[in-house]
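Next up is one chain by itself, shown in structure tokens, the form predicted on its own.
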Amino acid sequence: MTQHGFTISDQKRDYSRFGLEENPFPYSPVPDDEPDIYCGQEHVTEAVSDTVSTVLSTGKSKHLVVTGKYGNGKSHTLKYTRSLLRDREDVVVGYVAQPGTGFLDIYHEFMADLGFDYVQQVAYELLADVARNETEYNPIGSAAIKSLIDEGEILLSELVPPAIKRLSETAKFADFARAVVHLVYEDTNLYAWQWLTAEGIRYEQRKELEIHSALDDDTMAVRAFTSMKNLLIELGYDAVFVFIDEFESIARLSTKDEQTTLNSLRHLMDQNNSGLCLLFGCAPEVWQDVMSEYHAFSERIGREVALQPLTAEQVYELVEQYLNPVRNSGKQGIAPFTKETLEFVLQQSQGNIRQVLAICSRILDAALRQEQKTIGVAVAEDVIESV
């Protein structure tokens, strides 16, 4: 469609002259939620692997902060690590896109990322565990106990009182126990979920759940998070992983709120010396300020690892990793790009991974329009000059 100088078309672009099925580079290089590609920097992958492996193998808590300039891959590193862990049945993983205005927001995002269905499944797992001790049945997992309840073989009234008692002892938070158990009741599960995610419910709704406290500040959020972690460990999970991205946004908080947030995280780490792993993504300048001003918090982070700008070899590897999955020619390597072109890209991007991907995406399309077969430096220069 051409109108007033605009030409809009849905015609699929043919990248076969490059031996490619499509342009593999993102036009807007925002990390996928489940990234398939990771061009790792060895010292970073070693630090992340060591932290995660230590928690899994020892059960002891360990934490890590990944620093790097904007676009150097902090979010990508956290999301790729999350994707490696999410398929494991022995751990629980939550992602927090940014810390918000305090730990209450971090807790809310963590629970929201787990989702209602998952936390309700955990509630059924608790009831299954109780049923094995309190009844003649031996349900394994949430589906088995739900089936027995739906068929009337086991009454909820048999399970709920001992479940609340047991969870109250484990979590040391009776209101949290009541909210979790109420997730299995159709008429109250929405209120229970709103309370558990710190969204706030009215006094009358809390009364219906027999919940006495409001989950509306950082102290209560730390208590609820610890209760959730203890419940999961009690049910046999090995660890809880929390990925907190864009941690540098705490610098936008008032001094009082920033200190409150960091103190809450410190208390969280102090109260959970086992089964917890916090991985932060943070801009280096903010992390340096935290290190210099908030020793009590920063000293509890086991290690900092810094993402550096990419080298030429890492740019070659990154481009090859993006190209190979969409090749239909059987070729390998960086073709249709040349080394000289990618060195120009490296120079223009200053090794920033987000810029490398964005520039490569535009260069490939420009070369297609110019009917090139090999992407030389001239095409790359045209693209950069046109920006």
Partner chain sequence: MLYRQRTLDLPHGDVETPILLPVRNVGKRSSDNTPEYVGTIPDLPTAMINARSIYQRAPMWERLQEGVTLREEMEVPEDTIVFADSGGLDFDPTGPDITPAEMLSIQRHLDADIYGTIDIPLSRENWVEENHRRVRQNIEYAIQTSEKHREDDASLLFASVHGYDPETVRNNIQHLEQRGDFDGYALGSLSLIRTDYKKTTRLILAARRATDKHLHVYGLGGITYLPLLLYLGVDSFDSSAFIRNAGNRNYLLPGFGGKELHNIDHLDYLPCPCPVCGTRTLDEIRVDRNLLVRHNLWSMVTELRRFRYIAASDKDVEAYLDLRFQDNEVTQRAYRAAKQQVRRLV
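Note that the structure is predicted; figures quoted are calculated from it, not measured. Numbering follows the first chain given and starts at 1.
Although not depicted, the form predicted together with its partner chain is the subject of the following passage.
- The three marked residues, 222, 258 and 284, fail to reach its partner chain in the model of the complex, with no heavy atom of any inside 4.5 Å.
- When its partner chain is considered in the model of the complex, residue 152 lines it closely, a heavy atom lying within 4.5 Å.
- For residue 118, no non-hydrogen atom is located within 4.5 Å of its partner chain in the model of the complex, even though that partner is not displayed.
- Mapping the unseen interface onto this chain, residue 157 counts among the residues with a heavy atom inside 4.5 Å of its partner chain in the model of the complex.
- Interface residue remark: residue 178 is counted as part of the site for its partner chain in the model of the complex, having a heavy atom within 4.5 Å.
- When its partner chain is considered in the model of the complex, only one residue from 164, 78, 276, 198 comes within 4.5 Å through any heavy atom, namely 164.
- Among the residues 90, 187, 87, 313, the one placing a heavy atom within 4.5 Å of its partner chain in the model of the complex is 187.
- Heavy atoms within 4.5 Å of its partner chain in the model of the complex are found in one stretch of 208-216, 289-297, 99-107, 78-86, which is 208-216.
- Contacts to its partner chain in the model of the complex (heavy atom within 4.5 Å) from stretch 117-139: 137 only.
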